[in-house]
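Quick heads-up: it's one chain on its own, the form predicted alone, in C-alpha cells.
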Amino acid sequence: MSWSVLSTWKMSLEGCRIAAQQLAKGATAADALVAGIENVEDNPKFCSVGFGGLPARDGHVYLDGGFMDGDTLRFGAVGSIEGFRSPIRIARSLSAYKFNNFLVGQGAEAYAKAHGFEARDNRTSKSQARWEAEKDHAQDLVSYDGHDTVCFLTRDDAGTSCAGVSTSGLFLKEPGRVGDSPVIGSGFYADSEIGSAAATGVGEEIMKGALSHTAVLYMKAGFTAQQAAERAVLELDAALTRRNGSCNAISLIAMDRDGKFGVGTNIVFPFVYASDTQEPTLYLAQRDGMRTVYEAVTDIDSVVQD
C-alpha cells in the first residue's frame, strides 16, 4: 500500500478527498493531514470544529488541536485558544521545537499572533443563536451534545505516519476546559514504525485510558489495527462501566504502519477511509457485543452530521 488516509465523522469526507488528492500527488503525510483538517475547520456547517464551533458557557469559542509526526515522535498542541483560524496549523508548527510544544489559552494566542497565524472570530450567527437558546439549560444537555472531534491519520509514499485532531470541545463547557483531543497519547498518537491512532468522544473518559497510545501499543504487540482499536475501546468501556456504572461515548480510529485501518466504538460512528487503491469511502461502525463492526454507506445523505 502506497498511501492512505483515515478520518472521523461524515464531516471529514471532503477533507479526506483533499488529503487523498494531495497524497496521490506525492505530498507528505503532514501536509495532507493539515489540508484535510483545515477543510473541516473552515466549514461553518460543522458545529463542533473551527469556524462555527459551539461556544463555552461564556459564549466564546475556544478551540483545541494536536499534531504528531510518527517519524520523529515530535508533537505540537494548543488548548483553549480563541480568535485564530486553524488550531491544527498552529499545533503542527509547535512540533518543530524541542520544548514548549503544548500551549494553552493566552499563551497559545500570544504565540499564534507573534508567528503570524491568521486571526478569525470563530463565532457565527448560527452558533451564537444556539448558545443563546440553551445557555440557561446546560444541566439538561446530555454529555455528547455537539462535540465531535475531527481526527485524521495519514500515511505517505515514504512510509511516514502522522496524526492530527481539531475540535471546539464540549458545548457549554467551562471556560478553560481542555478534553483529550490535544493531549498526546489520549487524543492522538503516531509512530511510523508501528502505526497511529486518534480518538473522539467524551474526553474525560478517553483520558482515563490514554486511548490512542494504548491502541498503538496493541499494534506493537502484534494485533491488527482493527483488533487494537476495538480492544482499546471495549476494554476501557468495560472498566469504566464496572467501576462507575456507565461509560460515555468513545470512538477510535487506528492505522498500522502499512496503512491498514481499524476502528473501535461504543456508539454508532461514521468514519472515512481512502488509499491509493480505494476512493474516499464513508463507513458506519457500531458495537456488536465485544466486537466493532462496520460497513460502507451507500446512501451518504442518510448519515446525519450535526
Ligand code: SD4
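Just so we're clear, the structure is a prediction, and the values are computed from it rather than from any experiment. Numbering starts at 1 and follows the sequence shown.
Quick note: we don't show the form predicted together with the ligand, though the next part is all about it.
In terms of contact with the ligand in the predicted bound form, the residue from Val183, Met219, Leu103, Leu170 that brings a heavy atom within 4.5 Å is Leu170. Contact check for Ile18, Arg257 and Tyr273: none of the three has a heavy atom within 4.5 Å of the ligand in the predicted bound form. By the criterion of a heavy atom within 4.5 Å, Arg177 is counted among the residues contacting the ligand in the predicted bound form. Under a 4.5 angstroms non-hydrogen atom cutoff, the ligand in the predicted bound form has Gly201 among its neighbouring residues. At the 4.5 Å threshold, heavy atoms of Thr149 reach the ligand in the predicted bound form. For the chain shown alone, Ile206 is a contact residue for the ligand in the predicted bound form, at least one non-hydrogen atom being within 4.5 angstroms. Here the chain stands by itself, but in the predicted bound form one stretch of 162-170, 119-127, 95-103, 74-82, 162-170, has heavy atoms within 4.5 Å of the ligand. Scanning 247-269 for heavy atoms within 4.5 Å of the ligand in the predicted bound form gives no residues at all.
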